[in-house]
Each structure stands twice: as structure tokens, then as C-alpha cells.
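Coming up is one lone chain in C-alpha cells, specifically the form predicted alone.
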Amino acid sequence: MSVIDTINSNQGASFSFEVLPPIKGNGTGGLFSTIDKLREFNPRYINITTHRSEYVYKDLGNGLMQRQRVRRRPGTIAIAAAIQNKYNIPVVPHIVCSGNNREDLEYMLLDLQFLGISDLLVLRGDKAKDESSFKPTGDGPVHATDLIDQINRFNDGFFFDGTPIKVPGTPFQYGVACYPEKHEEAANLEADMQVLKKKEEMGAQYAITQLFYDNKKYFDFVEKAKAIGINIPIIPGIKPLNKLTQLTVIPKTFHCDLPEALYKEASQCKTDEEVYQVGIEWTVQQCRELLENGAPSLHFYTANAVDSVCEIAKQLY
């Protein structure tokens, strides 16, 4: 069953989550341990993130530094195939503009078709750490909509250079990202929502939000989306607080606000364990309110939060 079929099946609030490929050289043990903990809650699909290469500087020991390109978390497509084969759970690899030219992306699509993986999450991706603004790689796409256009042409039976595909495979279906508190680079929320509308018009079947902690932001976003003609399901993306440092790191990194009540309670905590408990309690209440008010499903970001997500899922599912 495809992701959109799962969302539209009306079989209750489906559970899904996102995982990161293992750090280079670490093997799949930690990743599979995460999935083993969460599969008892019957995940309908698992998203796998994609991470671009970055430049690092290696000390050569003679007073000189060497600039090297390093990819810390390779293997998104291979990991997606491994999860699908081991667990028989649908997988949704992230396909991103960031760090890829059009030929790179084309080969990814071919590999995914060979593996029988046809659901994608299409994203622009992050800018490189050494760049002040996003820059495409070679002739790579600049925006998620550019990447959607390439995928649509591939689905229509053409490579990016216009050459016909002799034996087209199963067409890809895809979701996209959206931002209840706007993308950090958008001029305003209204302009950002027009981008989401364009993604839907181009073929996006659903959208998953950036993480948020204030449900009013989500409900207002959904209402505004409907008002301008956006009709695809908008799935809330959830990540529980579990560390004291996150009180400052999360708002800065993900450009989202912490509600006053959550910040007040969490800032009174003395230890990470206390924040962990506050995060679980807040997220359970948050998720229940979302589901009671029509959220189509819940999607969890598990990075550094697997145990919290397990505890929350036990109470919800």
C-alpha cells in the first residue's frame, strides 16, 4: 500500500517515523535496534533521511590543512532497501536537491525503480555548512519544485536530457515538506504556502510538517491552506523534547517557537531525565489533541528521541 493510500484508508491514526542512515562505518545495528523498538506500533511506513557531503579540514601535521569532502551518513537508498527487505515495511527515502546534480538524481531514481521502491519524500535539503545560502551542485535543481519537475518527466518516460526511457518503470509517488511557522528563507508564511500549493499542483500527494510544539500553529496553517485551495493531507511532524540543551537548540535549528507553558515547565527542570518526562507528557497531550481535531496521521522524528517516541506510542497506540 502506498503512503497516500495508507493516509486515505481511514483505519485510524497511522503511525510513521523517520530514521537516519548510520554514520559511516557504524553498521546497521543501531538502526535496526530503533526499528525493532518501534515496529510493535505497526508503522505504516518509515522515512529515511538523506545527508549531503560536507567539506572538512584535515590537519596534515606539518602546519598545513587539507580540505576534504566527507559524507558522514551515506547509503539512503541501500538502507531503504535493507529495511524493506528485513521488515517488509514500506519505506520512503528522502530525495533532495542538496549536493546532487541532475544526473546523480536520475541514477537514484533508476536504482529505486530497480529495487521496487516507488514512494519518495521530495525536498530541497539543507545548504552546505560552509555556504551562506543554498547553492545547487552543478546543473542540479535549485528548488524542490525543480526536482519535482525532473521526477515528473522521469515518470512520463524521459531522462533529464530529453532521451526517451525505453522501458519506463513504476511511476514514483511523492510527498513534500511544509512549515507551519514558515521556511526560514521564505519572505512570509503566505509566500511559503504558495510554494506548497505549487507542489500540490505539480503532483505532491501529501505534506509532512516541520516539527512544532504549538498545535495552534498547525491548525491555523491547515485552515489557511484550505482557504487558498490546498487539499492534500497535511501530516504533523512530531519530535519530543528530552534534553535541557534543546530549549535553545531546537528553536534555533528548526526555526520554531516553544509555547510559553512548555518552556516554563521544561526550564524549571534540573536534569535531562526531568525534561524527558516533561517532553513525553507534553507530546502525548499534543498528539491526542491533533488526532481529536482531524490530523490525518502522526509522523515522528526519532533522532536522539527513540525511547521518548516509544513511550509516547505506548500511550497513543
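In this text, residue numbers run from 1 along the sequence as written. All values reported here derive from a predicted model rather than from experimental measurement.
There is another form of the same protein, the form predicted together with flavin-adenine dinucleotide (FAD); it is not shown, and what comes next is about it.
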For this session: Only one of 94, 217, 153, 197 comes within 4.5 Å of flavin-adenine dinucleotide (FAD) in the predicted complex by heavy atoms, so just point that one out.
Result: 94
Seminar exercise, completed: Checking 210, 101, 173, 84 against flavin-adenine dinucleotide (FAD) in the predicted complex, the residue with a non-hydrogen atom inside 4.5 angstroms turns out to be 210
Exercise. 221-229, 142-150, 107-115, 156-164: which one contacts flavin-adenine dinucleotide (FAD) in the predicted complex at 4.5 Å, heavy atom to heavy atom?
Worked result: 142-150
Exercise. Going by a heavy atom distance of 4.5 Å, is residue 17 a contact of flavin-adenine dinucleotide (FAD) in the predicted complex?
Worked result: no
For this session: Would you check, heavy atoms only and a 4.5 Å threshold, whether residue 49 touches flavin-adenine dinucleotide (FAD) in the predicted complex?
Result: yes
Exercise. Might residue 192 be said to contact flavin-adenine dinucleotide (FAD) in the predicted complex, defining contact as any heavy atom within 4.5 Å?
Worked result: yes
Exercise. Does flavin-adenine dinucleotide (FAD) come within 4.5 Å of any heavy atom of residue 178 in the predicted complex?
Worked result: yes
Exercise. For this chain shown on its own, do 123, 126 and 185 all sit within 4.5 Å of flavin-adenine dinucleotide (FAD) in the predicted complex, going by heavy atoms?
Worked result: yes
Exercise. Who in 275-311 is close to flavin-adenine dinucleotide (FAD) in the predicted complex, meaning a heavy atom within 4.5 Å?
Worked result: 301
